[in-house]
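Just one chain is shown here, as structure tokens, and it is the form predicted alone.
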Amino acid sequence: MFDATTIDIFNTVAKDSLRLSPNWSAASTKATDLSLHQIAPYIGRMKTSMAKSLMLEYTNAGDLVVDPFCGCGVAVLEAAANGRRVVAGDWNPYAVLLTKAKLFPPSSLDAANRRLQATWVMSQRLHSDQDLRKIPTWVRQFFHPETLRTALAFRDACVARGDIFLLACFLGVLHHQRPGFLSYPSSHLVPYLRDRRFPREQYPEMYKERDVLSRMQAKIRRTFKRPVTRYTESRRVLHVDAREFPRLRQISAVITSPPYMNELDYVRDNRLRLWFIDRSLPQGLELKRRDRESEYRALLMSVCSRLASGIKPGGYIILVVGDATRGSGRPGRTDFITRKVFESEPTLQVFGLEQIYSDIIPNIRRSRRECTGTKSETVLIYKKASTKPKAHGSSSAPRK
């Protein structure tokens, strides 16, 4: 754990560097973010500027921050890098893998390269074991046969050595149309081939065998470009359905983004990377019933109620929810459902709605080719009463 002096330094430096602002869309922070954020892409990830702002405004160094829908770990990476204790969880094995890789990376670039070299040597011994006839056709169509054989061997070596960090970096270069990636020309987020846009006869170089080792070396260098300089010692990442999240105590803030009610399918959208993790696709939590509003309401009520009793008086539940557009025609429905849950559920009525922010999602952050789907997010900040519940719906109550 950090001593009192270190905690004071974390609080002073962090809060001076960035204060909460409702305008998180002003400019891209990719050039200044911790480079671990870019270890691999993830659909629907929280903005780093939003996560950092919320964390700095509503928590202090040494506090316990929880994210039961951690996705690729944006919120908890910012929290851990700024001296907060963190517990994160997700049902999606790809999300868990990325979050663990970010929170428990090698100690340095040199250490990462040593691990890469040892893993690569092992992968060479596994190369002849790869039988591409056993690989699903839809996976094989993305790769040159020799690239795929080498990639599978490297994947197997990462798993055998238990090297989550290297496996995450490998998934980060798995598919794209750029030369530094392993696949035939394809999209970067949701995997689909771009062979019509880049016909093989016109772009033969894009269909040649790709060298796995050199691309992994380059990926690791990029990942350590702006590394975390100091982590909190208390970091946990769980592979768990959020409805069964551990009942923790002394939580200062839950900062999370629940699954969007109607826009994302985390298995379909991550299917190629998910397949490489276990050589199969997982069965997971999806809002598949006809009444998705009821399903979303039940999920949110279950998770928030489960964590509510462990939040300290004066602590927060901060929810980033996407709007609902597909098939509904009524943007903002997710925000409305969330507020109704907090108003109607007895265990959540001790939380007052302290602040609301609305944020536009630019087209570049949305995964659909035609830029449809969720176009805005709402940030709902609920504060647990110290003595008696505050009136719901107030956006002018003071913060900490």
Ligand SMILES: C[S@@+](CC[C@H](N)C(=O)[O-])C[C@H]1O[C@@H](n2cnc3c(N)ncnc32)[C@H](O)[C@@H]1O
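Heads up: residue numbers just count along the shown sequence, starting at 1. These numbers come from a predicted model, not from an experiment.
Another form, the form predicted together with this ligand, is not on view; read the next lines as being about it.
- Only one segment in the set 41-49, 58-66, 348-356, 333-341 has any non-hydrogen atom within 4.5 angstroms of this ligand in the predicted complex, and it is 41-49.
- Within 4.5 Å of any heavy atom of this ligand in the predicted complex lies no heavy atom of Leu54.
- Within 4.5 Å of some heavy atom of this ligand in the predicted complex lies at least one heavy atom of Arg243.
- Taking non-hydrogen atoms only, Tyr260 approaches this ligand to within 4.5 angstroms in the predicted complex.
- This ligand is not shown here, and in the predicted complex it never comes within 4.5 Å of any heavy atom of Val190.
- Interface residue among Leu166, Cys72, Val237, Leu77 relative to this ligand in the predicted complex, by the heavy atom within 4.5 Å criterion: Cys72.
- Residue Asn92 is the only one of Thr147, Asn92, Gln130, Thr119 with a heavy atom lying within 4.5 Å of this ligand in the predicted complex.
- In the predicted complex, this ligand lies beyond 4.5 angstroms of every heavy atom of every residue of 187-215.
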